[in-house]
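A lone chain, given as structure tokens: the form predicted on its own.
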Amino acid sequence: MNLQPVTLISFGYFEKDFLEQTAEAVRHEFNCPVNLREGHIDLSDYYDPARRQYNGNLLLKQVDSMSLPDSRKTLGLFNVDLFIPILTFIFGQAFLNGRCGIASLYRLSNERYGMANDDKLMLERLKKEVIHELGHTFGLIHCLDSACVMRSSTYVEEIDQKNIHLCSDCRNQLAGNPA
């Protein structure tokens, strides 16, 4: 596998341990180095007051414009409520076979759903979402295998049900498509 690094850019506050553990999961799943960076943008430019959410399409384009030449893939990490016009909310998104993606912690915490805080579960959800979106940047589409991290997730319960790893079919596709 290409040893050019994947870069995770955090926009806003993230616990260092969350970022390091997420980077380690990416490093393990894609067998490549991972760089952690902090980014700064004015999120108010991406806020839609009618929806009270942030436009994922515009944020994705912004992160794409910030893609680093020394990085194979770039993923922006946020903690805001993301949407795209055709969906009520999204956990993240990416350009298929592209350079970048985004993911947000906002809807991954139990408190959003009236349940007790569980940082360990939120971290597992974040790792899965980051790996899922990076999978898209490497050319992987949604998988029908219910345990595969590339399975589409509309609700956090669906994220919880899938594995953190690529299934053998997706892994084979990744090996054949070193984008």
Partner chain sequence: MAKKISILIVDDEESVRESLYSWFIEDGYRVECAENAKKALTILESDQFDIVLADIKMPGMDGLEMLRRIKAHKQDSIVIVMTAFATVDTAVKALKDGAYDYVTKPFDPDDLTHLIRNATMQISLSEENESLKSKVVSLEHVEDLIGTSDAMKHVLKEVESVAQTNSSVIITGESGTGKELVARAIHANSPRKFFPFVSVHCGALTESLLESELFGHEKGAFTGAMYNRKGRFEMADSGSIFLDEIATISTKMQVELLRVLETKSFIRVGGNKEITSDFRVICATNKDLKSMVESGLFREDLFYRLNVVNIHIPPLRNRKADIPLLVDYFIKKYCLSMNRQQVSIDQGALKRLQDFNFPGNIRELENMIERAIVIGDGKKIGLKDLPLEKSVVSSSAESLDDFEKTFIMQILTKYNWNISRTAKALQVDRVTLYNKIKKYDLKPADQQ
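Fair warning: this is a prediction, and the values are worked out from it, not measured in the lab. Residue numbers count along the first chain shown, from 1.
Beyond the structure shown, there is the form predicted in complex with the partner chain, which is absent from this document and is the topic of what follows.
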query: Heavy atom within 4.5 Å of the partner chain in the model of the complex - residue from 28, 37, 112, 51; finding: 51
query: Residue stretch of 135-143, 118-126, 29-37, 42-50 approaching the partner chain in the model of the complex, non-hydrogen atom distance within 4.5 Å; finding: 135-143
query: Contact test in the model of the complex: residue 75 vs the partner chain, heavy atoms, 4.5 Å; finding: no
query: Partner contact for residue 79 in the model of the complex: the partner chain, 4.5 angstroms, heavy atom; finding: no
query: Touches the partner chain in the model of the complex: residue 105 (any heavy atom, 4.5 Å); finding: no
query: Residue 158: touches the partner chain in the model of the complex, heavy atom cutoff 4.5 angstroms; finding: yes
query: Whether 4, 19 and 68 all lie within 4.5 angstroms of the partner chain in the model of the complex by heavy atom; finding: no
query: Residues within 4.5 Å of the partner chain in the model of the complex, restricted to 46-62 and counted by heavy atom; finding: 51, 57, 61
